[in-house]
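Shown next as structure tokens: one chain only, the form predicted on its own.
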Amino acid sequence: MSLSPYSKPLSAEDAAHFLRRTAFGATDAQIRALAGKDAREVARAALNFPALGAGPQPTPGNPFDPQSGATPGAMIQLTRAGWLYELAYSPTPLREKLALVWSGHFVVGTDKVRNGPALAEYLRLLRTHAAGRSFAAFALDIARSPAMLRYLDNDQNKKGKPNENFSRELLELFTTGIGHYTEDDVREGARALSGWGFEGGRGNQNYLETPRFTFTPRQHDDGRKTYLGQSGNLTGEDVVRLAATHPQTATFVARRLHRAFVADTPDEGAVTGSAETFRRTGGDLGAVLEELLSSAAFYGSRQAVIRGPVEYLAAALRTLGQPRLDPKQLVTLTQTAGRMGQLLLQPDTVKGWDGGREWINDSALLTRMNVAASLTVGKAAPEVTQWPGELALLGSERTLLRPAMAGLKPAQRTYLAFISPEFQLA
């Protein structure tokens, strides 16, 4: 059974909840503009992303161009800062939120992928398929991207010398999850994926050169294979499609989306509802998300997701009304996010970030307090002349913090809100 819809017009607190989950946060005016509207229409509008432009960054005015990096390390820093800019300033925050979610699913890391165009193409695919019509097409495009081919070594997978790394993670981490495949499936998948690689962009001297996918027939094992119960002369495209459309993939992907948008510990009954929609629509992520973001389950789950470091930073900037920061400040914030446990494009492991309570420890909380101070009361902080309001900061107009903040200056009140437990949660 699919998820039950949320049938009431949105209250101001409903709207605040929606924007905290889908846009990192918003100003009081942006929240109140959604009040009274239909939940389904609001979700559909937020998911209606315009086509991506051809520039190096989607948002005009983004000051970071990774292609100007003088070294591989500088290029990576600019890529991270450029993405943080999009997370904080893009007019389509839900697309950036989804790209962040998918970067923790289809993981690549800059420890191995040190090529600017490959990272740019990877981010473009995350954004293009963020709420796309076909999860299978998403998985195939990612599988053939030079970033993934390099990160999980499928460019080393050749007939007679199989490399099973990508074949294993395709099943374990990207589609079905553990328990729904065998070691034979991993081996047979690797045979089918043999011969996939890329040309160009290799080595530290060529970090700005664009790599391109290649298929080398003489390195491909074209013999008969059996994979997830299907037999034949299966190709790489065949095994990605079979994995992405496997019935268990629906549940695995649905649980990922519920963890991102509903609760760190999702209700399995609600996950089953989204999984059924995933199967019924043939893996249409847009349909799954529209239903999820307008469901009673979504609006009934408040302050159940601990904001990750990057979400915390984006939330602070969007709640402040997107003040313009010096590019050096944004570069510093990306490094700060890393110290809090979330370095963009470099998850801790191929499993991505665990999230939830893993985001919170003594060191991370202290760093969050320092960040909050730097954005409100620090010497280089943007001027906070007006209190953003309890609804924008805390998601409710009936908080217990009001007496504690009475008499304080707007910047001081905002600082206290940023370090409160209510702001750490979405």
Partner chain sequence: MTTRRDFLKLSALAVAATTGMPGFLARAATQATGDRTLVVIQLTGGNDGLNTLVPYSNGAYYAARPTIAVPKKDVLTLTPDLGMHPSLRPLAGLWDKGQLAWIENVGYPDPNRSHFASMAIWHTADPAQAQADGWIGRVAEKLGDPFCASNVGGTTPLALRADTFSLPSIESVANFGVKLPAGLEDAFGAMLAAPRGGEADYLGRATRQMLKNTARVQKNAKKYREGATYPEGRFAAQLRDAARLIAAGVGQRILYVSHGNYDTHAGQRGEQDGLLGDLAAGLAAFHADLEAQGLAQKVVVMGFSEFGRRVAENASAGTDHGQGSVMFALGHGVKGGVHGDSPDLENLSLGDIRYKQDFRGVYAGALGGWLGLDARSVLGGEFKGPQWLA
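Positions refer to the first chain, counted from 1. Predicted, not measured: the structure shown is a model, and the values here were computed from it.
Keep in mind the form predicted in complex with the partner chain is missing from the figure; the text below concerns it.
K.L.:
Of the options 237, 276, 348, 267, which one has a non-hydrogen atom that comes within 4.5 Å of the partner chain in the predicted complex?
P.N.:
Of the candidates 237, 276, 348, 267, 348 is the one lying within 4.5 Å of the partner chain in the predicted complex.
K.L.:
Among 172, 121, 221, 291, which has any heavy atom within 4.5 Å of the partner chain in the predicted complex?
P.N.:
Exactly one listed residue reaches within 4.5 Å, namely 172.
K.L.:
Can you check 121 to 129, 84 to 92, 324 to 332, 172 to 180 and let me know which stretch has heavy atoms within 4.5 Å of the partner chain in the predicted complex?
P.N.:
Every other range fails; the passing one is 172 to 180.
K.L.:
Can you check whether residue 362 is within 4.5 Å of the partner chain in the predicted complex, heavy atom basis?
P.N.:
Looking in the predicted complex, residue contacts with the partner chain include residue 362, since a heavy atom lies within 4.5 Å.
K.L.:
Taking the partner chain as it sits in the predicted complex, is residue 141 in contact with it (heavy atom to heavy atom, 4.5 Å or less)?
P.N.:
No - in the predicted complex, heavy atoms of residue 141 and the partner chain never come within 4.5 Å of each other.
K.L.:
Would you classify residue 11 as touching the partner chain in the predicted complex, given a 4.5 Å non-hydrogen atom cut-off?
P.N.:
No.
K.L.:
Using a 4.5 Å heavy atom cut-off, state whether residue 162 contacts the partner chain in the predicted complex.
P.N.:
Yes, residue 162 is a contact residue.
K.L.:
Residue by residue through 387 to 426, tell me which have a non-hydrogen atom within 4.5 angstroms of the partner chain in the predicted complex.
P.N.:
Stretch hits, in order: 400, 401, 404, 408, 412, 415, 416, 419, 420, 421, 422, 424, 425.
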